[in-house]
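As structure tokens, the next two blocks hold two forms of the same chain, structure 1 and structure 2.
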Structure 1
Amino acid sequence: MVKFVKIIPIALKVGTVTRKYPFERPLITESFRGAIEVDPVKCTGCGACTRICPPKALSLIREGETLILRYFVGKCIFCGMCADICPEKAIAITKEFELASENLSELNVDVEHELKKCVKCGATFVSTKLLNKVRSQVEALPDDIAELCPNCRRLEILKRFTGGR
């Protein structure tokens, strides 16, 4: 009871601190993390963000010849680990937190990538953007090897080392 009496003068001095949300803008600090935004121009579809995302809010989905990076904001815990790990700095953390929706599909954000086909077997294996990035950074990568899926690449390299036996 005595503690409560001690608080009264402090409360009278400070006044009302509660905000009338949603009629007043909420207090958002500099360190607040909200939903993420993926820049489709910078994203190469490498999938690093999907591997580190604790609640699996980010996922890579293959649909035909398209690779889709899907962000489901309904699962996101706003930890920001995806933005930290992204090698292209394609993911930005916003301060957006008002994300309620009556339609579940409105909570999905997709970034689509064209998939590269293997020149030998025709299987799709990597996004074209990622392959182009690897080619630009690895000068020693022969074009005929780069255009092969991992399985065909292994067989081709084995064939070259064994002399085709």
Structure 2
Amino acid sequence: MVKFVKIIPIALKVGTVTRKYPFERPLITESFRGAIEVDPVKCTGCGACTRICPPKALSLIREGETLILRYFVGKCIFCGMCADICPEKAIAITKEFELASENLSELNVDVEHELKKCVKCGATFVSTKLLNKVRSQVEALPDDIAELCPNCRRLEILKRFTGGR
């Protein structure tokens, strides 16, 4: 009982500590990491982020002739590894944390990419943006081979070496 009385002067000195959260700004420090944001202009659809993401919150999905980079916030652990690994620096870490939703599908963010078709067999194999980027950086890539899918490319090169037989 005596011990309890001791608390009263301490409580009087400290005063009210309660945060008035909905009515005041939440305490967000500089190092806080919230949901990520993919910049659709910079992203090339290479898929590096989908490989590093521990819970596979980022995934590449093929939907006919479009490639979709899907970000599912519900699985994200806000580690920021995707932002580190992205070669285009397309991923930004925002401070957003009020992500509650009544519907799981509302937690998805999709980035659509156009897929390149192989000129020979018509199969889709890589996003147009990524191919263009590779072509702009690798000078030794012949134009006729660049637009073939990996399988056709192999056959084409084999054909050239064996002299077309």
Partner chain sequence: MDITTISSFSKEDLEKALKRIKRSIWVYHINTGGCNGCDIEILDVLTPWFDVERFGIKLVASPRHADLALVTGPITIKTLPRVVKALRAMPRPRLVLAIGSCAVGGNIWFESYSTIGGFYKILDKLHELGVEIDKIVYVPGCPARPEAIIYGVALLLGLVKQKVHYVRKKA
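What we label the rigid core is the largest C-alpha set whose atoms superpose within 1.5 Å from one form to the other. FYI, numbering is relative to structure 1, first residue = 1. Values in this document were obtained by computation on a predicted structure and should not be read as measured data.
Remark: the form predicted together with its partner chain is the source of structure 2; structure 1 originates elsewhere.
Positional change of A11 between structure 1 and structure 2 reaches 2 Å or more at the C-alpha, relative to the superposed core. Put the two forms on the same core and the Cα of P22 is off by 2 Å or more between structure 1 and structure 2.
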